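What follows is one chain in C-alpha cells, specifically the form predicted alone.
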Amino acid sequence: MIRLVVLGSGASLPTLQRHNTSVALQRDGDLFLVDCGEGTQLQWRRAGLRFSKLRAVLISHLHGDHINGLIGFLQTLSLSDRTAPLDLLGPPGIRDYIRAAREHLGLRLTYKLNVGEHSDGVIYEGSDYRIACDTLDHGVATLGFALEEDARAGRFDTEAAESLGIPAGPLFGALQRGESVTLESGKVVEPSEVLGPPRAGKRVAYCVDTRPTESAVRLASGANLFLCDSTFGNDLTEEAGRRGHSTAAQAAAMAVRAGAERLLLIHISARYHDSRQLVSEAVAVFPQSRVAEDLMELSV
C-alpha cells in the first residue's frame, strides 16, 4: 500500500490554512519527502511521521517555496542523531545549493548526504518499486515524479487449485509467489494454472509547478493518484501560462489524457480562500477530482 500525507497544499505565499506544497509518500516501511518549503518539518511532526523511516528527499525545483525549509530539515535529522545515509534527489543546481549551505551556513551533518542531479529516468529503486522523474515546463529546471510498484501476481484461483488436487497450505503460498510446485503424485503444477493475469502495480504521480505538458501526462499515465499543479482557476488562465503554472481545469484535462483514476488539485494560490471554484472547474472535466488540504491522508 502507498500512503500519502499532504504536508502543504498552497502555492508560493503560505497562509494560515495552507503551507507551501510538500507531501510525504510512504511505501511500506520506506518514507519519502517530496519538496520542502518553509514549515515542512513542523508539518512532518504534526502528521506524526518518523524521521528514522526517511529514505530520500525529492526536490522538484529550486524556487524558495519548494526548498526554503530543506536546510533546517536536514539539520533536524542530525539533531535527531541520524547516522543512516540519505539521498537528496533533484534538478541540476541542487549540488551547488548544498555546497553553498556547507560553505556559508555552516551546514554539518551526522550522516552521509548523497546528492543526485537528474532530468529524467529512474532515480530511486526499492525492492519491488521505483521512483522516476521527468522534466516539466515551468521556466526553470523542474522535475515531476512518479512512484510505481512492480506488477503483482494475478489473483489466486482457489477452485482451480483444489481441482488440481493441491492441498491448502504452503503450496498455495508458493504458487502465489510464482513458484511451481510438485505434488505427492509427482505432478508439477505451474503458477499460470492457478493465477489470473498479472495486475499492474500502484502508481502515484506528482507534477507541481508546470504548464500543461506531455511529460506530466507521461508520468501520470495510468496513475491511481495524480497530484497536479492547480494554482489558478479559469479566471486567471493567461496568468497561469505566463507564470509557468496550470489551472485546475488544465490539470483535469491532463488527468483525462493520462487515464488517471483520481486527481488531487494542489499548489493552490492564496487568492482562492474558497476552493470550491477550482473543484467545480476540475470536476466538469474530470469527475474524480478533489482539492488537497493540509494534513490530508490518502491511501492507494
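Throughout, we count residues from 1 along the sequence that is shown. This structure is a prediction, so every number in the text was calculated from the model and none was measured.
Missing here is the form predicted in complex with a further copy of the same chain; even so, the following discussion is about that form.
Put simply, Lys53 is far from a further copy of the same chain in the model of the complex: not one heavy atom of it is within 4.5 Å. Taking the partner from elsewhere, Gly72 is found to have a heavy atom lying within 4.5 Å of a further copy of the same chain in the model of the complex. Contact between Asp96 and a further copy of the same chain in the model of the complex is found at the 4.5 Å heavy atom cutoff. When a further copy of the same chain is considered in the model of the complex, Gly244 lies well away from it, no heavy atom lying within 4.5 Å.
Just one listed stretch, out of 76-84, 129-137, 189-197, 170-178, contacts a further copy of the same chain in the model of the complex at the 4.5 Å heavy atom level, and that stretch is 76-84. Residues Thr15, Gln41 and Leu105 are all found to lie within 4.5 Å of a further copy of the same chain in the model of the complex, as judged by heavy atom distances.
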